[in-house]
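Consider the single chain below, provided in structure tokens and representing the form predicted alone.
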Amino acid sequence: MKRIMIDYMKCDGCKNCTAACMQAHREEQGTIYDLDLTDPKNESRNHILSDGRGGYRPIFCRHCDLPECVMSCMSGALSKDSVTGVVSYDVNKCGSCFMCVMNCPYGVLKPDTLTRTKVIKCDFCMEKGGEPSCVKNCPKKAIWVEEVQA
């Protein structure tokens, strides 16, 4: 199984990962140069927080071994692939109860800002080949994909 790993000590808060995520999931075609960072349709699946001491905390979906989000999902919208380890979200099954948001131990999942009817969640960029855009665009190598045992 693959998992996104984080070394927060290497993160300089540049937010290249956030912009890359927004670009990868934008609805309209375009380049990173015309990406509207304020458009809620382009919400990132990850975010970077200041630790208040000059450092940063990258907040990413861990695709946990025993994902609380999946276990708390009453509608079956969230599931974990036993082969890839990726936790997937099916918007058509989602009941918008947000139990997954409340139960994520890392505070990653969130309701979408625009409609508050679906969950914004990392999909590991599976439609773009499975190498997350955030990882590809981290200049400090603070995030990376690692093969782990289940």
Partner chain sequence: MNNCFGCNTCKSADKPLEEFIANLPMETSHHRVESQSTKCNFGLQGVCCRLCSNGPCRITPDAPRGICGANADTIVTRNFLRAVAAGSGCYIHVVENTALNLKNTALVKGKIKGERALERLCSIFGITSGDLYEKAEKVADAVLSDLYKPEYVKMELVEKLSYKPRFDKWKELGILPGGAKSEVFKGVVKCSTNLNSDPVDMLIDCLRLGISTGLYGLVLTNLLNDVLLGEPELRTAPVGLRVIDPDYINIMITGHQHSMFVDLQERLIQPDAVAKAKAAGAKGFKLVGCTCVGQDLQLRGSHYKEVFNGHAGNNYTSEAILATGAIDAVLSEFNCTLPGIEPICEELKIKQICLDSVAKKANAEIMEFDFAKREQQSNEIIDKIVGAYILRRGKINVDFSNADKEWKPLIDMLVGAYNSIHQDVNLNLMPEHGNDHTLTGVSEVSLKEFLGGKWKPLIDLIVAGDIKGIAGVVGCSNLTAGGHDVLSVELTKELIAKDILVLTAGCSSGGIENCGLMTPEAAKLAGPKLRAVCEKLGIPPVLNFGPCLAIGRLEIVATEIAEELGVDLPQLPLVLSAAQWLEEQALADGAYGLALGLPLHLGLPPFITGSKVAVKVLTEDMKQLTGGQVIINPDAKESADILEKIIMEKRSALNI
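Residue numbers count along the first chain shown, from 1. Everything quoted here is computed from the prediction, not taken from an experiment.
Although not depicted, the form predicted in complex with the partner chain is the subject of the following passage.
Residue contact check for Cys14: one or more of its heavy atoms lie within 4.5 Å of the partner chain in the predicted complex.
When contacts are judged by a 4.5 Å heavy atom cut-off, Lys121 does not count as touching the partner chain in the predicted complex. Looking at Lys110, you'd find a heavy atom of it within 4.5 angstroms of the partner chain in the predicted complex.
Within this chain, Gly129 is remote from the site of the partner chain in the predicted complex, having no heavy atom within 4.5 Å. Only one of Asp81, Asp90, Asp36, Asp65 comes within 4.5 Å of the partner chain in the predicted complex through a heavy atom, and that residue is Asp36.
The chain is drawn here without the partner chain; in the predicted complex, the stretch among 81-89, 65-73, 39-47, 97-105 whose residues come within 4.5 Å of it by any heavy atom is 39-47. Residues of 124-148 that come within 4.5 Å of the partner chain in the predicted complex, judged by any heavy atom, are Lys136, Asn137, Cys138, Pro139 in sequence order.
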